[in-house]
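Single chain ahead, by itself, as structure tokens, in the form predicted on its own.
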Amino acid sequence: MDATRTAEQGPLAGVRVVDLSTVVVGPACTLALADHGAEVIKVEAPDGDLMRQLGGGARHRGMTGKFMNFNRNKRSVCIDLKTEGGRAVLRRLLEGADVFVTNMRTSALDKLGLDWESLRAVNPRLIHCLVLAFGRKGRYAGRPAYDTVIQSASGVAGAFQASGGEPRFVPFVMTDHITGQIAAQAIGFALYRRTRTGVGESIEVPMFETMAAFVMREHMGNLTFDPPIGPVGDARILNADNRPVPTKDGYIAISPNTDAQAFAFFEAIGRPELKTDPRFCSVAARTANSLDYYALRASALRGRTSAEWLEILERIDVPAMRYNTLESLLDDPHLEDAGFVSRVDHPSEGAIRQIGLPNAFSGGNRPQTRPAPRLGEDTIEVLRECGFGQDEIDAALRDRIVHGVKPEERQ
């Protein structure tokens, strides 16, 4: 790590990451590293990250809103890894890196000479993080996958079937987000161990096993015991009525779980006698009778507006919150108070809205000053920093091994 970096740049200041990943799962990992101060060099093929085209609308080709949200605070280096020269350029970048993140298939990495054994020989301090669809020990190893494939295989869609009668997908790429965050966490662990041992290591983070662990910890329940002592699944969470509750003019979310919260709720709805009802008089009773409990909750809230209920429930300290649509979330007053969404000017895309960091470090966070890069925007600058001479850079550009624009020639 570069000791000249300051804490105010984030806890990972001085860590150099070479990011050879695409779409969401890998970029979600490296976004977390970049947002917390790491220098992330995003290596892209001449066509760019697929998310430059998949992420919805754009003002300019290759700069979709979704791409920008996952790739801020990174620098883009465009290298043609189909050429031997391109592979040599990438290996030189990795010689001085702290972390290498990729979600390429292992067979492709082996062909490129980017496997752990090959890279540790030239950089024994390197943290090599491989995000896989399926772990290498199982029979699914090597298969391709995207988020929906993992949601189906890992039981996420099955939880919807247990709840509502038919399998469905969570309508955002949840498994990519979660696996990416787990990968970032694992990299942090490995960096900490490297401070004690002085050597790097290989990390494998499989999407399938990661999500299967999430689902099983939540719903294995009675099957934890051998033999099982009841049916699978947390009945409260799988209940079809476990959802935002209708009010007179909309919806709210409410979760009176403890006895104190439930009894205060019964008082608020004018049903104090329910405190001694054997179905609802304890946490265990309400859990066993969650179907009745949710039905009671739903019927009780229809008589008042959302604002009225939220005022009442806040006063009696019962967990409850407004229901946000995808549109209204951007205008949530708490997020506005926290300055969570800011308006900034992107050099090529004009005025954009940028999502803030949800966490804070007393030692300082990284200022969100670097917008998502255009394809190959930083190629020449990064190569210069990594010791490439101008003749080498000019030759690589001429032979189309790398692609980029000289910093002094940018518009």
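Counting begins at 1, following the sequence as shown. Just so it is clear, the structure is predicted and the values come from calculations on it, not from any experiment.
Separately, the form predicted together with another copy of the chain exists; it is not shown, and the next lines address it.
Contact annotation: another copy of the chain lies within 4.5 Å of heavy atoms from the stretch 336-344 in the model of the complex, the single such stretch among 76-84, 336-344, 266-274, 107-115. Under a 4.5 angstroms non-hydrogen atom cutoff, another copy of the chain in the model of the complex has residue 205 among its neighbouring residues. Interface residue remark: residue 66 is counted as part of the site for another copy of the chain in the model of the complex, having a heavy atom within 4.5 Å. At least one heavy atom of residue 55 is located within 4.5 Å of another copy of the chain in the model of the complex. In the model of the complex, at least one heavy atom of residue 32 sits within 4.5 Å of another copy of the chain. Between the options 119, 162, 93, 301, the residue in contact with another copy of the chain in the model of the complex by a heavy atom within 4.5 angstroms is 162.
Checking 123, 305, 289, 185 for any heavy atom within 4.5 Å of another copy of the chain in the model of the complex turns up a single hit: 185. The partner is not shown here, but in the model of the complex the stretch 116-141 reaches within 4.5 angstroms of another copy of the chain through a heavy atom at 116, 134, 135, 137, 138, 139, 140, 141.
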